[in-house]
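Okay, so here's just one chain, in structure tokens, the form predicted alone.
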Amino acid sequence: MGSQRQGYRLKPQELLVVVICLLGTLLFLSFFWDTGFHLPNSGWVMFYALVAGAIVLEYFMFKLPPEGNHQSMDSTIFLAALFIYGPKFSLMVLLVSAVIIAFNRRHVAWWKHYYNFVTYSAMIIGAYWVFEAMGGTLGDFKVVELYAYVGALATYFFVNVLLLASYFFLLYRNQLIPVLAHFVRESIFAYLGILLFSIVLLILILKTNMFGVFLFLIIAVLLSHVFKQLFLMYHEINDKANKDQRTGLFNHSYLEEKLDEYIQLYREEGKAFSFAMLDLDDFKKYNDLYGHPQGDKLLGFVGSILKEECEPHGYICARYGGEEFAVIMPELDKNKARLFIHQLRKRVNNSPFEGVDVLPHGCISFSAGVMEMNADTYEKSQLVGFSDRAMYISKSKGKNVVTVYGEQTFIPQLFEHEINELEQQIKVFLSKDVYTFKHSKRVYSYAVDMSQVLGLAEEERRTLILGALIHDIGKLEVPREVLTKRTKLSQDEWELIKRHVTFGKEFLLATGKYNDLVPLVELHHERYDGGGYPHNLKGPEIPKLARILCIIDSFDAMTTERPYQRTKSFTEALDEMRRCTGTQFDPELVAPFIRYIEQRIEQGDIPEEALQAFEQQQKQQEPNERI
């Protein structure tokens, strides 16, 4: 049986490199096909001086803020050579200097050196064509021809930006215009400097010959040193702003900024990532035994391990606070993230440190919770909250464990405690608005049942049930007279009522303990068709649990007495829900809820208050047979 081999197919960015290399080579050779390259003996001295200058300036390449931005002044050599001696001379300076640089940097792939060479060739040739077309004079500097120098440099700049931006456009599949705009913003001022310095070098060579080259190189090297110091100062200031001085990791503020960026990338481009919270086990015991200075050393030691393990992968590791750390892992799903954090845990376990043998595990250990970003994760506080919850489940399992959010089994006692705690919060409504208290309890009861009907995972069940119980907590900020008003609300009063979802969100964020419930509290009045409030979210933009809570909350609102809406019968409410399927309610979630209510009606299993409202409505609809 024969086998077929498929040939290697070039990627778009690789094909672009090949095409640019071929065209650049042809352009370069086209200047030497007829006459080659000849110089008088006196010209060779200047030639080698400029070659040496290009090599020196490339060697003294300097960095500029922001980090990762490099700049070399070797282009001033090529442009000055072009304006004085013409394109052949400039291209030969480029060729010889490129060969020497490639030989000295053999660790860099050969094709990168070659691509760099043909890119510079295209830039020089393009600049020459424009300079000649605009009437520029080679071998002299005339102020009246300044426009020709500006045009040549603009072309030099444009060719460079176009070639680089096209490569990154094909590599990362972004939109071309934003990529071009980014390169222009990052390099336009550097190229304005190159224009100025190339003219300075041009004048120096014309006026002082070799001394001008020598003087220019001294100035350029000194400037590169100054820029290097500038970058070091920038880096130091940036570190103080973004780094935790005790561990050397990023700080909490920087972590939150990056979380916002990655969440935005996920929403716009679907780029997945996972997030982990880590908490050192028994750190307080170590602090109490050896004192805070030694505890700080332990934090620094752990931080160095996390940094060493995370940085090579491009993961962002930060000190979240106290003995807690956090890791953002781009492009990792929850399973790969769990594996990485597990390996990190083992590395920490196997790293000896003074005094840790007295700890329960006999080594440094941490408990971790992992959360993968998904469509139902509304904001960073929820992402952090879920990871934090999984981390404390790891603690409950005996510590030194990694738990993925959603895969853990909750301890019943812990769940019951949270329900009791939130019930204490909503009991305030007993003295302010008994309706809201009873409504919250009924919605909570429906949520308990629906979490089973829908087969939700244990963690989703907890979030839905607790969110249902606390979802109207923001109404504590609404005046009693508005909540209990029997007549129609004014527009201002209705707007105030609508703000209860924002008040509720702010309440939860202020307490900090139930951040994972924020989406349910804030978004349970969003509509599936985008006509709800406060953000007019639509369809799957609304987290699934918030869509479920919207259905439950709306049904109870329709079937029980409210100060600003007529009570509906159960039949009317179900008809209304059918009518609003696909507009107000998620079709896939409302259908099982309707079946659940119909089954409860058939079984006679209806909450007492709702049954009373239903019976009252039925009596009102019956003909009055009594005189």
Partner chain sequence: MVYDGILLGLIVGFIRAGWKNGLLALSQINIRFGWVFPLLLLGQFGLYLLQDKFSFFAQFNGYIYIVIYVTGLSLLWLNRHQKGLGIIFAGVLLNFVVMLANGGRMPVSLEAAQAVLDPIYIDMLMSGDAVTKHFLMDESTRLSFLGDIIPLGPPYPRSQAISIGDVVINVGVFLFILQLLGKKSKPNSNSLPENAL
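Every value quoted in this text rests on a predicted model; they were computed, and no experiment measured them. Residue numbers count along the first chain shown, from 1.
Keep in mind that the form predicted together with its partner chain is not shown, yet the notes after this line are about it.
Considering its partner chain in the predicted bound form, the lone stretch of 195-203, 325-333, 349-357, 447-455 in range is 349-357 [heavy atom distance within 4.5 Å].
Its partner chain in the predicted bound form comes within 4.5 Å of no heavy atom belonging to Leu29. Residue contact check for Tyr392: none of its heavy atoms lie within 4.5 Å of its partner chain in the predicted bound form. Although the partner is absent here, Lys297 is a contact residue: one of its heavy atoms lies within 4.5 angstroms of its partner chain in the predicted bound form. Proximity of Phe301 to its partner chain in the predicted bound form falls within the 4.5 Å heavy atom cutoff.
Contact annotation: of the candidates Gln599, Ser42, Thr583, Thr35, the single residue with a non-hydrogen atom within 4.5 angstroms of its partner chain in the predicted bound form is Ser42.
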